[in-house]
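Coming up is one lone chain in structure tokens, specifically the form predicted on its own.
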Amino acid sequence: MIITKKREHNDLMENIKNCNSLFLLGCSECATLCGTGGEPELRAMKEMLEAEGKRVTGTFVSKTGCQVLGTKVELKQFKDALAETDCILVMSCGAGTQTAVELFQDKPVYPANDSLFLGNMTRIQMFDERCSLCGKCILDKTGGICPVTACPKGLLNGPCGGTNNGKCEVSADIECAWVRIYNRLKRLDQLEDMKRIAEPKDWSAHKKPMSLNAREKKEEVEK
């Protein structure tokens, strides 16, 4: 899931200083779980904006903010409220904000959140970054633990000389990724994998901006 946090209040207010009316758009998935774009957060944002003298023409939590066509269909019921608003305030991730940009070509769209990382929820509203979206996964070679993400240095061969009692030299709060990998491979009786020297990573597998048409592959299979 995409982990987000609320933007600084002053930065947000600076963005919308010329907007007298706003429409609030949240997301029922990642942003809701992060506590940055669900129904309670939209209500709180509405109250805050109205206290600042702004008018909120409407609020809506989309099913999936990053789904362009789905969000477009969902918002049809708010045609009048959207026509009246000066700008759209998106309370989801950067992808959700850019969905709104695509749907509202003639209105300013502003993000209410900062997008941080792709992570796993370990407890309610507690998140760990575990994937760097590098484009070519190596989890099959590292016991399912990603050193590109879990190691602050992104070492493909480790551990480095700075590890101390299983901790990272960058911070004693961080477990050394390669010690974790070693311990897991040992439990799985796969320590032979540690003897393999990983070649330099092919970072070209993650070119920006990326796109994928999964329908093309499906059509090829059906043929």
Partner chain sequence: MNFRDALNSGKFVVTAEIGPPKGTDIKEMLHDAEMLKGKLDAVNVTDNQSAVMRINSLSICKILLDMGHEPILQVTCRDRNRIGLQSDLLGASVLGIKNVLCMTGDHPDAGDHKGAKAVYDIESVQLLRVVDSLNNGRDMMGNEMKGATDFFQGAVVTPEANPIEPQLMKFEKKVSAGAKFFQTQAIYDIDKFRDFMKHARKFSVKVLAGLVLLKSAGMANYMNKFVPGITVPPGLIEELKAAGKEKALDAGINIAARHIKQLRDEKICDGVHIMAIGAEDKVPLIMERAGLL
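Predicted, not measured: the structure shown is a model, and the values here were computed from it. Residue numbers count along the first chain shown, from 1.
This protein has a second form, the form predicted together with the partner chain, left out of what is shown; the following refers to that one.
*Asks:* Does any heavy atom of residue 63 come within 4.5 Å of a heavy atom of the partner chain in the predicted complex?
*Replies:* Contact check for residue 63: no, nothing within 4.5 Å of the partner chain in the predicted complex.
*Asks:* Would residue 187 sit within 4.5 Å of the partner chain in the predicted complex, counting heavy atoms only?
*Replies:* No, no contact at 4.5 Å.
*Asks:* Considering non-hydrogen atoms and a 4.5 Å limit, does the partner chain approach residue 94 in the predicted complex?
*Replies:* Judged by the heavy-atom cut-off of 4.5 Å, residue 94 is well away from the partner chain in the predicted complex.
*Asks:* Could you tell me if residue 161 has a non-hydrogen atom within 4.5 Å of the partner chain in the predicted complex?
*Replies:* It does: once the partner chain is placed as it appears in the predicted complex, residue 161 has a heavy atom within 4.5 Å of it.
*Asks:* With the partner removed from view, which of 63 to 71, 176 to 184, 23 to 31, 50 to 58 is the stretch that lies within 4.5 Å of the partner chain in the predicted complex, judged by heavy atom distances?
*Replies:* After filtering at 4.5 Å, what remains is 176 to 184.
*Asks:* Is it the case that 44, 104 and 125 all touch the partner chain in the predicted complex, with a non-hydrogen atom of each within 4.5 angstroms?
*Replies:* Judged in the predicted complex, none of 44, 104 and 125 sits within 4.5 Å of the partner chain.
*Asks:* Only counting heavy atoms and a 4.5 Å limit, does any residue of 84 to 123 reach the partner chain in the predicted complex, and if so which ones?
*Replies:* None of them.
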